[in-house]
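Below you will find one chain, with nothing else, as structure tokens; this is the form predicted alone, and questions on how it binds or moves follow later.
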Amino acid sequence: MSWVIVALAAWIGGWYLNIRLSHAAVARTRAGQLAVPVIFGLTILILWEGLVRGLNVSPVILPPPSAVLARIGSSLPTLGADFWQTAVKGALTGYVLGCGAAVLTAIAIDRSPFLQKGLLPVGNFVAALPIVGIAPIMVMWFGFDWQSKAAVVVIMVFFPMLVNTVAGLKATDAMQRDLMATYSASYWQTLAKLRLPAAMPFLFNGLKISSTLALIGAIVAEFFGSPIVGMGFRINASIGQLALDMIWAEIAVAALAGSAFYGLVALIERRMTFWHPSQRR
């Protein structure tokens, strides 16, 4: 039971340290803001390791973090190839295409009352389609390689980005638009100099939501047909082999990649929307 005692002690110590840090002056600094989640994450890993080893949990049910880390170290080439196939080729390509198409469609909707009444309900219908139904169709249309996964990601990210962009384009008030009209500004001048800058918080909200959906969509789509590479393929193949450490290694890589991508979008948002109240500390 020594592992269990160590795990519980680490959890209590980490909890106490985080409470002290969150109420201290250092919590308002950048280092303090990073320390709290790091300490919390480490205590979760120590608790996981201690309970799995102390309670003799079978690695087939739940491997300890040390086994997952060892598998990551011994499978770096495989994990790297899977990451490139799924995250870069499938998820990132679909993310760029889907978000770009959503912004252009939102501008078209903003220009046309007909599209406002006709296209948004269709977009809502498409967003409600289950990914397990879309993925096999995309595989039949675009083949087994990354193109079909990118197509699934396009469908997944399109509607959240569209809704946020349409809402953002309506964020300006009548006085601001009237001021641009007194300057004889055209629609495109008003769009570029007033409405798109005002819509930036909404756009980045859609980009952050889509950043998490993109990787999930690409991984799930690989369950329905892919070449012998990719995160979804590896997870699906490892299930039949009872290689739980490999499954958790892929999950860890996907979680790190998704968190890094989300953080990058949030960092760009902070740089570009520094004027917005949500970015003030």
Partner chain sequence: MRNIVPILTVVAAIVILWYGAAVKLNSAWVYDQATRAGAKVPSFSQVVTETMNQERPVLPTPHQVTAELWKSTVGMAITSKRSLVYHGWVTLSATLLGFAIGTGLGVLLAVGIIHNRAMDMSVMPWAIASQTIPILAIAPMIIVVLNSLGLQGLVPKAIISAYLSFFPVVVGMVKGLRSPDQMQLDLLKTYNASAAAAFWKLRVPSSMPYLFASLKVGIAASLVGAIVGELPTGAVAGLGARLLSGSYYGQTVQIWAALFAAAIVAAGMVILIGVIEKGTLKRMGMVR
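Residue numbers count along the first chain shown, from 1. Bear in mind that the values here come from a model prediction, so they are computed numbers and not experimental data. In this text, the rigid core denotes the largest set of C-alpha atoms whose superposition between the two forms falls within 1.5 Å.
Heads up, the form predicted together with its partner chain isn't pictured, but that's what we're talking about next.
In terms of contact with its partner chain in the predicted complex, the residue from Met140, Leu97, Ala81, Leu179 that brings a heavy atom within 4.5 Å is Met140. When its partner chain is considered in the predicted complex, Val122 lines it closely, a heavy atom lying within 4.5 Å. Its partner chain in the predicted complex comes within 4.5 Å of a heavy atom belonging to Gly133. Using a 4.5 angstroms threshold between heavy atoms, Tyr183 stays clear of its partner chain in the predicted complex. Contact annotation: Ile219 falls within 4.5 Å of its partner chain in the predicted complex, judged by heavy atom distances.
Although its partner chain is omitted here, in the predicted complex none of Ile12, Val88 and Thr273 has a heavy atom within 4.5 Å of it. Along 8-22, a non-hydrogen atom within 4.5 Å of its partner chain in the predicted complex is carried by Trp15, Asn18, Ile19, Ser22, in order along the sequence. With the core held fixed between the shown form and the other one, Gly73 has its Cα displaced by under 2 Å. Positional change of Gln33 between the shown form and the other one reaches 2 Å or more at the C-alpha, relative to the superposed core.
Once the cores line up, the CA of Leu194 ends up less than 2 angstroms apart between the shown form and the other one.
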